[in-house]
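In the block that follows, a single chain appears as structure tokens, in the form predicted on its own.
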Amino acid sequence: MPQRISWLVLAFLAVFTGIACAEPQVLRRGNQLEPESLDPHRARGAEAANILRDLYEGLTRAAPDGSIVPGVAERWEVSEDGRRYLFYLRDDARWSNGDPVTAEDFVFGLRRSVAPDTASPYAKSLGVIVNATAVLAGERAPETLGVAALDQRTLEIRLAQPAPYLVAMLAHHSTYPVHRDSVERHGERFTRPGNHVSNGAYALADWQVNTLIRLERNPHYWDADAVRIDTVYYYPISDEEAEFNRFRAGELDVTQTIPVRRFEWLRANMPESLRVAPYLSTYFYGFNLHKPPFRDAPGLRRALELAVDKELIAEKVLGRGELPAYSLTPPGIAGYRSPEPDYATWPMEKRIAEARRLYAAAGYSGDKPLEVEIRYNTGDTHHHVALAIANMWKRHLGVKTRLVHEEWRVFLQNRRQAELTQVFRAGWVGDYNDPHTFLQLMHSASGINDYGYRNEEYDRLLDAAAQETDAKRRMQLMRQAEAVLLEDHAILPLYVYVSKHLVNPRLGGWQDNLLDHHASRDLYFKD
């Protein structure tokens, strides 16, 4: 029956829209990195998130244009004080094994996401839910979390304070439900093919580590009739040039990125495939603040930042539309304007002179240079940026820099070990259009604060913003917090990303959006 329905959908599209969908509907996507995990509560990184958006569906989801629309919840109600949400689930929501998706599945998933044993990197983001912070700290049991199944189709979420971003946050994979029986039966191996049960448009069919992940259309998905792609392959291809060559050879329909040196050629020769758009994401370097030389050394950190020509990196090293970054939060967030550091308008000559003064004040010179290591995950762009920064630090200050590149999983593991890093590549993709998704990264209690940043004033301002009910005042508090972060030079912002893909011109349904979310369920091939 599902296959017959798929043909009816194709026929409808052909007759009533003039679009003829080709068969077979097999989508091949470059995904740059092997996902660290396909456990939605433990996964980290855009590459895992791409796959999880195909496998699962939250209470809400992102539409093709990036707007937030109903997912498993067909509607919801919010109390007048903004602290109680009721979500009404679809009657026909099903897991890939045919089991009904219930409110209790979301209760189990949210409790699991904040449980200390799960060690979710995003658990702090759920701190707005009643008792979440205490559960995460081990002070309360997960069963005390402010979520409840009022009946099989009604989920209640109670908040400690209003959170206008909650509905958008519930589209994030850290809030997805998981199939309780599978988790309890298989433990950590519930994410493997044969064990995995999902509630999204696709089910996991094959996972060959560092080779491919194959998804097949889930016939039990509540909106399966509208899903036109039958099979999706994700290929982890860290070499940007290799990904580009596979696209040109017709082996990929979508790339995760494009090589820096190919951009002008692509713009001239393959403009119909090149997609470049604004992206809610910032690329930066992190300092290890757990130990010397960067612990308790804001002057040295400022010197290194001033010595970097961010305009040159954005325009010449990259040159794909990226913008120089002077803050953690990128432009494009509704109702928010990032604070700008004092040096942002200085000419490079003045920046370099001040960098040299601060470098000397920190105790370094030509006879006693700073020796530092930049660690980054394998990739052409990361390598080009690291080379450029090492050259600037050497030329302007005399710093001796060693470059270390590692496979993604190894890189992440080493980033979390304070003894193994000094300066490291970092970046953040907004999970929803609100500054909180960026600023919570540096809170001292954050599970993804790999930097060792601790500032009581920063935490106080962020916590106050979380309690604030006035939208304008809330934004002001977050702006003050970000100003503290920038004054500390806890990170080195480098540039604001653009999303950049090569997309098969025959692939329909693709819409550029600020979040760069492109679920396979929304795509289809045209003849």
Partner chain sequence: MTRFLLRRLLAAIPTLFALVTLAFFLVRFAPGGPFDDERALPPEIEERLNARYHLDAPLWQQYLHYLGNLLRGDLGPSFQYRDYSVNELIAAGLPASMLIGSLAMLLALALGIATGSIAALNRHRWQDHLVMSLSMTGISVPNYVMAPLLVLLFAVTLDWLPAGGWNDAAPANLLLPVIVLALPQTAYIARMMRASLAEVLSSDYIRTARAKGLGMRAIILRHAMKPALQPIVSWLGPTAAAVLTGSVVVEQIFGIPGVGRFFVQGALNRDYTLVLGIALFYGALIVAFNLIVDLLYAALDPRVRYR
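Rigid core (definition): largest C-alpha set, two forms, superposition within 1.5 Å. What you are looking at is a predicted structure, and each value in this text was computed from that prediction instead of being measured. Residue numbers count along the first chain shown, from 1.
Below, we refer to the form predicted in complex with the partner chain, which is not included among the displayed structures.
> Do all of 263, 273 and 496 end up near the partner chain in the predicted bound form, with near meaning a heavy atom within 4.5 Å?
No, the whole trio is out of contact, none within 4.5 Å by any heavy atom.
> Scan 108, 408, 336, 364 and let me know which has any heavy atom within 4.5 Å of the partner chain in the predicted bound form.
Contact check passes for 408.
> Can you pick out, from 457, 296, 239, 216, the residue that has a heavy atom within 4.5 Å of the partner chain in the predicted bound form?
Looking at the other structure, the residue within range turns out to be 239.
> Residue 476: heavy atom within 4.5 Å of the partner chain in the predicted bound form?
Close contact is absent here: in the predicted bound form, residue 476 is far from the partner chain, nothing within 4.5 Å, heavy atoms only.
> Can you tell me whether residue 385 touches the partner chain? I mean in the predicted bound form, with a 4.5 angstroms heavy atom cut-off.
Output for residue 385 is no: heavy atoms all beyond 4.5 Å of the partner chain.
> Could you tell me if residue 253 has a non-hydrogen atom within 4.5 Å of the partner chain in the predicted bound form?
So residue 253 does not count as contacting the partner chain.
> Taking the partner chain as it sits in the predicted bound form, is residue 121 near enough to touch it, meaning that at least one heavy atom pair lies within 4.5 angstroms?
Because a heavy atom of residue 121 falls inside 4.5 Å of the partner chain in the predicted bound form, the answer is yes.
> Have a look at 157-165, 97-105, 134-142, 322-330 and name the one stretch with heavy atoms inside 4.5 Å of the partner chain in the predicted bound form.
Stretch 134-142 is the one.
> For the stretch 409-443, which residues lie within 4.5 Å of the partner chain in the predicted bound form by non-hydrogen atom distance?
409, 410, 412, 413, 415, 416, 425, 426, 427, 428, 429, 431 sit within 4.5 Å of the partner.
> With both forms fit on the core, has residue 71 moved 2 Å or more by CA between this form and the one not shown?
No, residue 71 moves less than 2 Å.
> Is there a C-alpha shift of 2 Å or more at residue 109 between this form and the one not shown once the rigid core is superposed?
Shift of 2 Å or more: no.
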